[in-house]
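Single chain ahead, by itself, as structure tokens, in the form predicted alone.
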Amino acid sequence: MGGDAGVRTLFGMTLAFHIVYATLGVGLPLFIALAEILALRRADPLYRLMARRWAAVFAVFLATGVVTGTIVAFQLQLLWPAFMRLAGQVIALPFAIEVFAFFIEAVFTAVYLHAADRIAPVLRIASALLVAVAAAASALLITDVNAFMNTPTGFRVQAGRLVDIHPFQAMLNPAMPSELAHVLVTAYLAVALVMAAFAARALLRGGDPVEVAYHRRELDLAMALAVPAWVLTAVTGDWAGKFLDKAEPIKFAAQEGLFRTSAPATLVIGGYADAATASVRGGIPIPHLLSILATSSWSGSVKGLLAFPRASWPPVAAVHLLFDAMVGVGVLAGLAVVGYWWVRWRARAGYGLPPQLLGGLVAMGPVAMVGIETGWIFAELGRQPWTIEGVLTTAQAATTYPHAGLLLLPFALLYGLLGAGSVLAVTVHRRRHPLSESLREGGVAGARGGGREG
């Protein structure tokens, strides 16, 4: 595989791997900070232990994320030279500010990891919160570049040259608010469900009363974080959808499998969007719903793909499938959150959680990360054939080096080693410092959990 296809595949593989660690790097610090706050507020040593144990995991994932993020930066320069020339002139500001955000994250991660037991609880919480804020800022600044690629602004092209360049205007591009908000809250939701999966798995295995109390707190905290994260995911998803209908109507039509401009427009769930026949085979049609979602009107008009040149269409079948998969994960996440708190409320006296519910929560961990991956691929594939919408095509942006495909196997092996190494490092650390031993070292083994449950 060479040329443009090889470049796309190589860079896509790199980002697909990096986004897992980037997402965990955004969500874990917030979880740790919340555990520290509860430890102080409730005088509960189990929450302090929880923060310490997950901080060790975060350190491993942060290190892996730094490595993969560095690879992304190098590949941007090597594989996408035309894009980087334009980006360097117009949208370099978020890249520059992100460096400072990463420095803050790195410094206060070091403070938290190496001085947490020697500083006051308030300072410990402050350092954890600064890590969480800096990690979120770092992710949002990079996402802002992607938003610019969707709705480029802050410059003009005149006689093949960039003129009237306004970096702040480019940074504050139209797609920025909705895209950044949606990316951040989905990261928190995904990480909350991953944390819940680990806690649910531990509760299925059982243990002594104090270990069970620890994992109950862990599960409650994760699912409490999931509540606002899921609500905001739905709200920002609706916001992003309405924005797409106005600013990126081709992508919106492709995600919905809508070929003909309609008023009212029917929402089709599932099915195969066949560009050859300009129709969706199968699927579940719901009349008027697409008009409501796109325009907030019962009979609002929504443009279909046939209103645009076929050469400007993305791969419709794949985009429609990816969008449905992303939304499907969001629906499953909502069912998991509502179902958990319903059962938790019904069984609040004895806190008995059925194994079926715990098993479902275990499954939701990887499912949530699938939602992150499908969301990212949908966002990039839906913009094709453009790298920068209306300005630079993907074919123009890619390097002309014909042998990029030769790098696929070496990088695949590298990512396999990095993934296996990070999992092995966490596993070895957990085995060397099992929860039972940590409880004894923390002086809470005989306290039956200490503090208040829930």
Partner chain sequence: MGGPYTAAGLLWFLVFVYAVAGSVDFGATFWRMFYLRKGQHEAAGVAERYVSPLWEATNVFLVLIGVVLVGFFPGATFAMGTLLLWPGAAALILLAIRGAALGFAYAGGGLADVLPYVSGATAILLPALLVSMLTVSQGGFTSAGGAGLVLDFGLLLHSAREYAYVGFALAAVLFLSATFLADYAKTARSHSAYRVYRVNALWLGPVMMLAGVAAIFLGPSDSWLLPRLRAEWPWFLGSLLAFCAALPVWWWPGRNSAGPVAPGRPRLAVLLAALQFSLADIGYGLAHAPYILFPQVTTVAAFSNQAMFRDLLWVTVLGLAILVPGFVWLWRLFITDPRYTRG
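Quantities reported herein were computed from a predicted structural model and do not represent experimental measurements. Residue numbers count along the first chain shown, from 1.
Keep in mind that the form predicted in complex with its partner chain is not shown, yet the notes after this line are about it.
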(request) Would you mind picking the one in L49, L392, L414, I37 that has a heavy atom within 4.5 Å of its partner chain in the model of the complex? (result) L414
(request) Name the single residue among P121, P81, P366, P228 that comes within 4.5 Å of its partner chain in the model of the complex, judging by heavy atoms. (result) P81
(request) Answer for A56 alone: is it within 4.5 Å of its partner chain in the model of the complex, judged on heavy atom distances? (result) yes
(message) Using a 4.5 angstroms cut-off on non-hydrogen atoms, would I91 count as touching its partner chain in the model of the complex?
(response) yes
(message) With a cut-off of 4.5 Å between heavy atoms, is A43 one of the residues that contacts its partner chain in the model of the complex?
(response) no
(message) Please determine whether A404 contacts its partner chain in the model of the complex, using a 4.5 Å cut-off between heavy atoms.
(response) yes
(request) State yes only if every one of F95, V107 and F168 has a non-hydrogen atom within 4.5 Å of its partner chain in the model of the complex; otherwise state no. (result) yes
(request) Within 4.5 Å of its partner chain in the model of the complex, counting heavy atoms only, one of 353-361, 68-76, 339-347, 196-204 shows up; tell me which. (result) 68-76
